[in-house]
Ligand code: MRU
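The chain below stands alone and is given in structure tokens; this is the form predicted on its own.
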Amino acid sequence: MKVEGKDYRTVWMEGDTVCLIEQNLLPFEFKIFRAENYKQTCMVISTMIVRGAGAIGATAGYAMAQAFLESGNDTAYVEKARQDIENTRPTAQNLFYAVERVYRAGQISTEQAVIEAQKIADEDAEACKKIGELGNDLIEDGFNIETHCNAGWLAFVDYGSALSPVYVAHRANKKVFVYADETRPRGQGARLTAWELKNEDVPHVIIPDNAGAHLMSLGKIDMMIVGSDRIAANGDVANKIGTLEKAIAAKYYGIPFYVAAPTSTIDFNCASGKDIPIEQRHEDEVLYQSGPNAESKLERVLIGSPGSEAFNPAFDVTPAELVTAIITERGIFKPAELAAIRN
């Protein structure tokens, strides 16, 4: 990705420090956060300084590598670190995938752990680039595309999943227009997707989450593309809360509903969506919003009724029968066809 003419990845490692774009400050401030040890990197994941399937996975891999670097060959330290990292975001399959790979490499040597973590990040970027190339074939000139949450550069090491085909289509001079769901409660669509699209000069507009079905009923949406945090073996898809509603509406109005994700997001040990753990986040994300005040400093404001409690599930599960196809770096598959790419 380019920010003010400079190339960036969402997350990278310098020595034993993990460097990340501080996503909680976007789009109002662009800043790099430096996590000096694995515990700081765990905090980065849990507080959503980094978020998005592939970016979480790469960050978790780097955190595991940091643990080996810090351990002094203390096995107990490494085991505790692994547990801490895996407890940060329970729904994100890429996190567990990356931790397992780096942990195994670390049994050989600390150097191998660092190499493996970098390899995972590189593979994520390359997979997303390929998803863009393959997904572009589904986009016709003049298409209006709706997306939910953020599955662009910021959600992966680079390129993104759901937005990667959009970027390829735009660079191929196809006329595309994106309706970006605001994605309450954290506003990833309004804050992150819109920021990315603006950087790429892709025509777009931010819409309320509950406007999608209305736009579909008016014939304004040609296709939906979303990302995923975990895909079960049967093709059920866990993604940001609100995705299920969009899939139901798309099915009713006959609009193709695509999921874009690297194969590392597929959990073949998870039989169906019923087995996917759904992260419950703090109620404050629903009750408060943040933005710049008159002095351009971020300020948190209560937007709910004082004293009321809030329920805040971070994800929902879209059944496979509502998914038109899943766009991966290895091809485009109907949910029932996923078994063909298990090995």
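Worth saying up front: this structure is predicted, and the values here are computed from it rather than measured. All residue numbers are counted from 1 along the displayed sequence.
One more form of this protein exists, namely the form predicted in complex with this ligand; it is left out here, but the text below deals with it.
**Student:** Do Asn150 and this ligand come within 4.5 Å of each other in the predicted bound form, heavy atoms counted?
**Tutor:** Although this ligand is absent here, Asn150 would touch it in the predicted bound form, with heavy atoms inside 4.5 Å.
**Student:** Contact with this ligand in the predicted bound form for Asp181, defined as at least one heavy atom pair within 4.5 Å: yes or no?
**Tutor:** Contact check for Asp181: no, nothing within 4.5 Å of this ligand in the predicted bound form.
**Student:** With a 4.5 Å heavy atom cut-off, would you call Ala155 a contact of this ligand in the predicted bound form?
**Tutor:** Yes, contact at 4.5 Å.
**Student:** Give a yes/no on whether Ser228 approaches this ligand to within 4.5 Å in the predicted bound form, heavy atoms considered.
**Tutor:** Yes, Ser228 is a contact residue.
**Student:** Which is the contacting stretch out of 48-56, 29-37, 270-278, 301-309, given heavy atoms within 4.5 Å of this ligand in the predicted bound form?
**Tutor:** Selected range: 48-56.
**Student:** Just give me the residues of 62-89, first to last, that have a heavy atom within 4.5 Å of this ligand in the predicted bound form.
**Tutor:** Contacting residue: only Arg89.
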